[in-house]
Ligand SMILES: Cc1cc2nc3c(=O)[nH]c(=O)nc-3n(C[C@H](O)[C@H](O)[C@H](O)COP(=O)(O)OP(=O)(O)OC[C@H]3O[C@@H](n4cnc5c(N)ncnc54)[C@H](O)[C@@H]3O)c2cc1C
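Given as structure tokens, the chain that follows is alone and in the form predicted alone.
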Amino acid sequence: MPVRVETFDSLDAAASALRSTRSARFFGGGTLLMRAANHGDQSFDTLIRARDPSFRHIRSESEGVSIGAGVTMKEIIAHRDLSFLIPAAQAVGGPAVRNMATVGGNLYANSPYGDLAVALLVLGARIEFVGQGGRGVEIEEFMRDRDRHQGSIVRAVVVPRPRDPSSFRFVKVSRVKPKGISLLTIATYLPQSGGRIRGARVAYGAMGPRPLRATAVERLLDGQYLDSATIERAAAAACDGIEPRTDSLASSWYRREVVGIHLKRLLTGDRR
């Protein structure tokens, strides 16, 4: 089936065109969408693009950094205000993929893809949509209701900047390095006050259909010193309340067995 491409000068016009039909998809970087088209996906016959400059902005704000949904992983890596996101952006495929893959597309990528989205979740980003002014939704709400937003276009993601960059850590586990698909991804944000963790956040990727919070681990870490005893308890509870997915890369059993090992390594700073 032939696929038609429609290009608009503004995001608002692109959003209007997208809402007018169920058989269109918004084209950002195309790393997953073009593969679907090449494999004969019959669910869409139109690709909608936008040339709107605001789709590619990176702007510092009082709340953090506003990143246009059309910004690529390569652009994140190159921008000094986004240095804290480099480990997550670098985890997305190889150079050719990072040159095309966008922030907005990563938010909608199903597991085992969506490595950057795990980092955005743990940092408490806010998602802004075209046509909603300055309003947006917290990323947890977006992830919970992501299917409901399939017909919307993300304009930008506002990411709080960590006061202490070392409080944010990220690791991607894959069988093929450096650009293999994720067996699992772990991101932690552990700001401290007086030596104790305050407001612990831990998120996983490839452990479910979309990125998720490890709330049992967060409860164990919050208010504690990040010492060996606390890390051991967190690693032991790494999968509490979570049923990992089974796919062609790994079984649920395997993910359950190894997630605690990799969480412990991340918390201790072991980069193996």
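Start at 1 with the first residue shown and count on from there. Treat the numbers as computed from the prediction; the structure is a model and nothing was measured.
Just so you know, the form predicted in complex with the ligand exists too; it's not on screen, but the next bit is about it.
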### Task
With the ligand left out here, work out from 59-67, 240-248, 32-40, 222-230 which stretch has heavy atoms within 4.5 Å of it in the predicted complex.
32-40
### Query
Among F27, G93 and T102, does every residue place a heavy atom within 4.5 Å of the ligand in the predicted complex?
yes
### Task
Using a 4.5 Å heavy atom cut-off, state whether I86 contacts the ligand in the predicted complex.
no
### Query
Quick one: is Y108 in contact with the ligand in the predicted complex, heavy atoms, 4.5 Å cut-off?
yes
### Message
Is G180 near the ligand? Define near as a heavy atom within 4.5 Å, in the predicted complex.
### Response
yes
### Message
Residue-level contact is defined here as any heavy atom of the residue lying within 4.5 Å of the ligand in the predicted complex; does S167 satisfy this criterion?
### Response
no
### Task
Between 39-73 and the ligand in the predicted complex, list the residues on our side with a heavy atom within 4.5 Å.
F55, A69, M73
